[in-house]
Structure formats: structure tokens, C-alpha cells
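Before any questions on binding or motion, here is one chain by itself as C-alpha cells, the form predicted on its own.
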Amino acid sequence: MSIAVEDQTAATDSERLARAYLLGVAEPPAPHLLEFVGEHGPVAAAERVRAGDCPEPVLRETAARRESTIAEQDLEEAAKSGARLVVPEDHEWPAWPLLSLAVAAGNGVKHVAAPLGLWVRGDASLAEVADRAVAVVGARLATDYGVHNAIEFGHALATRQIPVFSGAALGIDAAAHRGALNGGGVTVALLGCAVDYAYPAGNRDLLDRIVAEGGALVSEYAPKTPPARHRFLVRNRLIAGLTDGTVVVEAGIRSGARNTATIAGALGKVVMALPGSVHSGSSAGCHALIRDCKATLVTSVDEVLETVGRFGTAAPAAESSRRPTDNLGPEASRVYDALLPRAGRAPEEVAESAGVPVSRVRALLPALEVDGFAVRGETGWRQIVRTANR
């Protein structure tokens, strides 16, 4: 599976330089700066931030670094390591997946602001790999059980042409990346440090392999930025936001993977967890997510695909009496049932009727349209009634 960048650029040099400055001037997420850039554009916003001509909340986010003059150097350093800065003005920008962050932030969810730009090392097109992807995450101190299942999940997703996203940490993350690579698929690592910073050092070969085999390393942090604990927590929102669903393979009660799952749920994304032994503390976080109804229990990749919904299920239909809608996941089925065949409905109406978050409805409706279950018209979204032989 190869999803390579071709002619993906659209941003001007001044826009890219401005966003390189803005990315470095505030520690992400920076919601007030993001809003300021949205109002004024990156070039004007950068000029005003540098001059201190901006609202007080923006000044607070940028006070420590607003006099920085290394943005051009950051772009040069990135180029030396084979990296690039992808910005919202580029065709490669994963606008649709990241919309969930903007919606959640607008609904009052804290610490989930969208990124101002993303440093990317690797040939994978970020927009394409994030179009249909699954995150596989878990504990650093993983058991043999967890590592085995992470490898299996990564491999099985890859063979089904589904990109695997994770955080490149030791344990479950690394196993998921390796499984995807061994399955000949694309995998993307979201980092809590610069993309030219090999961390953890034990995964240096893995990070190089991800880049060499068509995947990508992605970060909000400029070249040479070292890892820090808070940066990994901030990074988790990108793992959740850029994927359709998150699978927690193994996690303790206070695991960072559980934090990723919580964020994914707040974004309206699908959250899944693999059960383990009731005697294993390494699975206590998974069991808590399932017990609190914050994650769906899954035991196979087929169940993952069915739960995510838009991918359908890989299991063959053995019965001639099966309905076309039987392959829809739970949320997709509810959204389909909430549509009317003869009258259009707005996403907000569908969300209220289906009991599915409107951000998730907005993601599922285009997928239903592609699969021939819905159509968008002037009055809204309508249901397409499918027969068994259609």
C-alpha cells in the first residue's frame, strides 16, 4: 500500500514561513492564537504577534517566544532531514479529520484545539492516510499478550489497506507500527518531539523504517525540539483526531493510552478496547473503559472494522438473506435509519434522531453516500433504499 505525496503544495512561501513562526511561538495547543490566525490569516497574524499587537489571551500564549527569529532556520533544518511543514493552505492538509478538533473545541472541550501546522517526515500524503485510518495504542510496559495482539491488529489492518496510526512509544505503539509494516501497509507515528529527534532511542530503527517504507512521522514541534511529558499528552489529541477510531490494546488505569481514548470519545470518534486477564493491571484501563461504556469491546480486526462503521466488515456474507445494511457499523446504521427516503434532513436533525454526535454524523454521511446508502440534495440528506440484489 503506497499513499505518496505528489504535487500537494498550495501555500505561498510567506504563508509557510508565517506558520513556521506561529508554530514555534506558542506551545500547542494554542486556542487563542489559532482563533487569531483564523481571523487575520497567517501572514498578518504573525506580523501582529511579533509586534505584540494582539489581544491579551494571544499575548499570554506567545509572550515567551514572540521575538523568535528562527522560523526560516526551522524550515531549512526540516529540509535537511527530509521533512516538510504541512499547513492548512496545502492540499495535503487533513482538513476533514481535524474538523473534529475544531468542533469539540467550539463545544467547550478543553485542550483539543486544532494544530496550526504539522511537520511531516516521510512520503505519505497526510490527507490521504488520515482519510480512513485506525489508531492502535497502549501501554509502554506491555505484556507479551499485549505486544502479540498489537502486532496482529497492526498487521491485519495493513492487509486490509487501512493505515495504522500510533505514538511510536515502546510497548504497544511500537508493536502496532511493526505489525503494519510487516503487513505491507502504511503506518504513521505522531510524536511528542521533533520529527528529526529519535525518541525513544530504542525505536530509532523503527522510526527510520516507517519513513523508508512509505509511512510518516508527524509532529507539531519544530526541528530539534526535545521530548517532554506534556508534549506527549498534547500529541494524543492528534492521534485521536486524525483517525476514525482508536483501539486500546493494553492500558493501566493511569495510562496515556487511556487519555487518548478519552479524547477520542470527546471528539465523537469510535473508541474500542481489547479485554485482558482480570488479574492483569496492564489491562485495568481497558476494562474500566468498557465497564464505564466509554469503549466497545473488540477481540478481532473484523470487529474493529464493524465498530468503526465506514470500513464495513471483512467477514464474507454467507447468507443470501443478508440485507445490504447488515455491514454497516452501529453508528452508521443509526444514522441511516434516521434518514428519510423522500425528504432531506440536516445533519443536526439526523444527530438528534439517531442519538449520534453531530460531528460523527457529519463524518458518516459522506461515507454512506459513497457506499450508496444516502444522497445529499438541496433540502439535505436523503436515504437511499437498498434491495438485497442491488
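Residue positions are given as counts along the sequence shown, with the first one as 1. Here the structure is a predicted model, which means the values were calculated and not measured.
FYI, the form predicted in complex with a further copy of the same chain isn't displayed, but the following is about it.
How about Lys80: is it within 4.5 Å of a further copy of the same chain in the predicted complex, going by heavy atoms? So Lys80 does not count as contacting a further copy of the same chain.
Is Arg48 near a further copy of the same chain? Define near as a heavy atom within 4.5 Å, in the predicted complex. Close contact is absent here: in the predicted complex, Arg48 is far from a further copy of the same chain, nothing within 4.5 Å, heavy atoms only.
Evaluate His111 for contact with a further copy of the same chain in the predicted complex, applying a 4.5 angstroms cut-off between non-hydrogen atoms, and reply yes or no. Flag for His111 set to yes.
Is Thr299 near a further copy of the same chain? Define near as a heavy atom within 4.5 Å, in the predicted complex. Residue-level check for Thr299: yes, a contact with a further copy of the same chain.
Just one of Arg231, Arg84, Arg160, Arg178 has a heavy atom within 4.5 angstroms of a further copy of the same chain in the predicted complex, so which one? The residue from Arg231, Arg84, Arg160, Arg178 that makes the contact is Arg231.
Between Glu128, Asp196, Asp123, Glu303, only one gets a heavy atom within 4.5 angstroms of a further copy of the same chain in the predicted complex; which residue is that? For this set of options, the contacting one is Glu303.
Please pick out the stretch from 95-103, 285-293, 112-120, 199-207 that is in contact with a further copy of the same chain in the predicted complex, where contact means heavy atoms within 4.5 Å. That would be 285-293.
For a further copy of the same chain, considered in the predicted complex: do all three of Arg60, Asn149 and His279 come within 4.5 Å of it, counting heavy atoms only? Yes, all three are in contact.
Using a 4.5 Å cut-off on heavy atoms, what residues in 62-80 are near a further copy of the same chain in the predicted complex? Heavy-atom contacts within 4.5 Å come from Ala63, Ala64, Arg65, Ser68.
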